[in-house]
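What follows are structure tokens for two forms of the same protein chain, given separately as structure 1 and structure 2.
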Structure 1
Amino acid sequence: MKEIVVISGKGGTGKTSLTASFAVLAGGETVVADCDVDAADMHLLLEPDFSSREEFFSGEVAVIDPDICTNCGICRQVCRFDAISVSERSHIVAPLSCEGCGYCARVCPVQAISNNSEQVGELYVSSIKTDTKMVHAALKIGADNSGKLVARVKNEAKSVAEELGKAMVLVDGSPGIGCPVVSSLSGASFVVLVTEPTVSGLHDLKRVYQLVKKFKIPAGCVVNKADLNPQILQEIETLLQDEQIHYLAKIPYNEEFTAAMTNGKTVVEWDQNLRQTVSETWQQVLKILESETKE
């Protein structure tokens, strides 16, 4: 099974807009996975029906039983995360601060503290407007373990693709180089890097490509808002040439990206000129992927 992952070194480059557009162009031939679980928004463009929902549990959080607690304060003294406080003479745990280490439960002399599995998000499998399935998720505000949720989304997407007989999974990855991105890249066949010609765009492109390079995954790059800074655009193009990254497309700054998203449409549905550019880019990706597979 082929797996195309779209990532960016920073947010705001147009990564999700392009991924959703690729999904529309691919139609029913691919299963879509939104692995940007910390800020999932592909559902705004692909009209999922949220037909299947599953709670996602990861990590633990301490809970103090007020009926057993003697308010000795030992747990509060040993907590390194300042997660335990006193309210109306009762000790309570702040879930957002608790790291689930379990030390407070170990030192409690009356065993009033237990560690409970924490529900940190939800996983969905939806039918979308392109006549295929999308696997997506939502991580609770302040919740940890987004990398584990990304892995769960990807594994479920592969299972759905196998069940439906689809040969490809299209993944919208998280921006940056953290754990969710590493999880997104695992098992990828090809990576599409989306960047912009700004100082931070170039800097973060270099960082994220070093990560892709460690995985030894072939990569291509789309430069969005390409006319913002000609000098940095030239530096990006030099980087692509030096690192032998496929130069997929350069797209001038276009406010239709924003207009399309505001109206709940992908750019290939909204603007014919952008549709042609993005369609040519998608065909390049497929051609390169086919060539890489033969090698």
Structure 2
Amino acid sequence: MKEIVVISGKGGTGKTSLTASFAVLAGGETVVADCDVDAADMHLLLEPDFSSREEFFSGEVAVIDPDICTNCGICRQVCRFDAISVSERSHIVAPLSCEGCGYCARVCPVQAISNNSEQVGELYVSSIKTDTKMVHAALKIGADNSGKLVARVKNEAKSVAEELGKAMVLVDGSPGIGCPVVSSLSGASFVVLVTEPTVSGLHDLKRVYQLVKKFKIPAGCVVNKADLNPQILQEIETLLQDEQIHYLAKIPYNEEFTAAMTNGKTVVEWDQNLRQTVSETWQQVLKILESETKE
């Protein structure tokens, strides 16, 4: 099973537009996974039917029973996350601050504290317009453990692909360098980095690539809005060369990206020129993938 993960470090580079375009080009060959669970947008372009949904539970959150609590304050003393405060009647837990470590419940002398598993989101397996399945999710507001949900989405996508006999999973990855993106990257066969020639685009590309390197995953890069800044474009190209990252494509600044999105289409369904560029990019990804696996 091949797993292609598209990430960007920085937001707004066109990552999701590009991933959705790849999904259209790959059609029935691939199962699609939206691991950008914090800002899951791919469903806006791929018309999922949300046919199967499942509740997703996180780790635990402490709950204090006010009828048992004696207001002794031991729980508050041991909590390192400032999640417990005092009210008139009893101590109370702020669920958004609670890490679910369970320490308070262990030291409560009257067993007033229990740990409840909390529903933090929903997981969907949908049929989409490209004649295949997409696994996606919606995270509840302020929920922790988005890394866990990302892992869940990915694993589900892999088993769906196995069931349907598809050889590939295409993943829209999470932003940043923390837990969610680590979960997105784990197990990937190839990473597509999407960036733009801006000081922040370059900065974030460098940081996220350090992470990719730790995982020893082969990578390629698409530079979007490539004509915004020739000097930084050159810096990016040097970086790609030095790090032996495949230079997949440069796409000029093009407002058709937004026009396509506004019409609920991917760029390859919307604009002939972009279709050509993005198709060539995708073909290149497939070619690299094949040669990397042969080695």
Partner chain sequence: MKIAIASGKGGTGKTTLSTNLAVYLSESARVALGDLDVEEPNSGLYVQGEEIERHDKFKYVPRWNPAQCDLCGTCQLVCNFNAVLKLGQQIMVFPELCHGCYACSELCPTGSLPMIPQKMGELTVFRRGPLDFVESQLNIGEEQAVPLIKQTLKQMNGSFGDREYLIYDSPPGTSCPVIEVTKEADLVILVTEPTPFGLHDLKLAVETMRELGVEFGVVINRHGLGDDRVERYCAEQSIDIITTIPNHRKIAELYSRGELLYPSIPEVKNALEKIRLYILERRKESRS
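Because the structure is a prediction, the values reported are computed rather than measured. Take the two forms, superpose them, and find the largest set of C-alpha atoms that agree within 1.5 Å; that set is the rigid core. Start at 1 and count along the sequence of structure 1; that gives the residue numbers used here.
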* To do: Please match the form predicted in complex with its partner chain to structure 1 or structure 2.
  => 2
* Two-part rigid motion between structures 1 and 2: residue 84 with residue 4 -> no
* **Turn angle in ° for the smaller rigid piece between structures 1 and 2** => 15
* Structure fact -> Shift in angstrom of the residue 104 C-alpha between structures 1 and 2, rigid core held fixed, comes out at 4.8
* If the rigid core is lined up, how many Å does the C-alpha atom of residue 62 shift between structures 1 and 2? -> 3.1
